[in-house]
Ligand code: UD1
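Quick setup: one chain, the form predicted alone, written in structure tokens, and binding and motion questions come after.
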């Protein structure tokens, strides 16, 4: 069976009250619309068309620039039926079935769509997705016929709407491509809003002798995002589910509700995540590593048996091999630290390669930026960088070298060398006493 997918994403999203298009808001670092694009991939959609509006066309195309999707523009907001009609005209591949998704429903599961496909394989020509709502809502409700058929979708003002057994309509549809392409032309806008509603397809299908049925899923799958409040609820749902999966896989969290993850976070079993840790996108952590409280990690790969934090910041391009220690108030960016390297406190390491068993002292700064360009520092194995050192890139520090505390290093350091770059200390005997007496006299005079 071949399936092509339409993702409806032309809505203005005015209830979000945001300059960002609704479908480009994020859950766990991922655009809302990207969830639907990934769902289309999961069911091996032959072709995916995203229907955009004039207001969000450019931004959506930029956000999905790396995806194998096509776009069509719904120039006027004339309803879901009109949007589907526009999309159907844009298909280049003829698939047997067409799946209609939405750009603001991020939690639909691929197994649910596969159940809809299974119904189609049994001969039904239209399959709608419904759910039992726990609270009253304004969704259309399914009117069912014999043997699980669907004969209508009724709206709120109709008498059968409040039936306790009725399922709410999610709006998601799987249909035979040729039939929906024909019937969508027959949908009219004879309603108060003068819009073309996709739900009118059900009556039209029955009228023309086509069969419709439904698949039921849980309400949580059908959550739609229309406001900032709903976005926050969706974020909470994602985080709760993600934390449960991590803990079920063997990751320890003392206070899971305080830790936040991205959709692509990978953490292997045996890791310990302390409270109040944030993971941005692109993080992968190998087994038996400890992430201490108040650390912020993004775009980073961390090896086994590492210790990070507390109050560490790991930025994109960071790669830590096994048994690396990154301590409190250490920031690392675009840097590889080899096995058993350490930077335990108060350090910035940017655009660098740090060798195995190397120790970076407190207060050390890798000066990687000259105001226009970033430069690389290479620090060898078994190097000791003393506290409060500044390493001015581009720079190489050879194996088994020592950089004296307080040094400003701007030339390469050969292996097994001691590098000292600081003024010679001078001790002026008795001068401190004279200075203190003078300061005391000034203070006494000011008090008078």
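Note that the coordinates shown come from a computational prediction; the quantities given were computed from them, not determined experimentally. Positions refer to the first chain, counted from 1.
This protein has a second form, the form predicted together with the named molecule, left out of what is shown; the following refers to that one.
Screening 347-355, 206-214, 77-85, 330-338 for residues having heavy atoms within 4.5 Å of the named molecule in the model of the complex returns a single hit, 77-85. Using a 4.5 angstroms threshold between heavy atoms, residue 124 stays clear of the named molecule in the model of the complex.
Although the partner is absent here, residue 279 lies well away from the named molecule in the model of the complex, with no heavy atom inside 4.5 Å. In the model of the complex, the named molecule lies within 4.5 Å of some heavy atom of residue 197. Contact check for residue 240: no non-hydrogen atom falls within 4.5 Å of the named molecule in the model of the complex. Put simply, of 366, 97, 102, 261 only one has a heavy atom within 4.5 Å of the named molecule in the model of the complex, and it is 102. The listed set 182, 155, 221, 230 contains one residue whose heavy atoms approach the named molecule in the model of the complex to within 4.5 Å, identified as 155. Along 8-24, a non-hydrogen atom within 4.5 Å of the named molecule in the model of the complex is carried by 8, 9, 10, 11, in order along the sequence.
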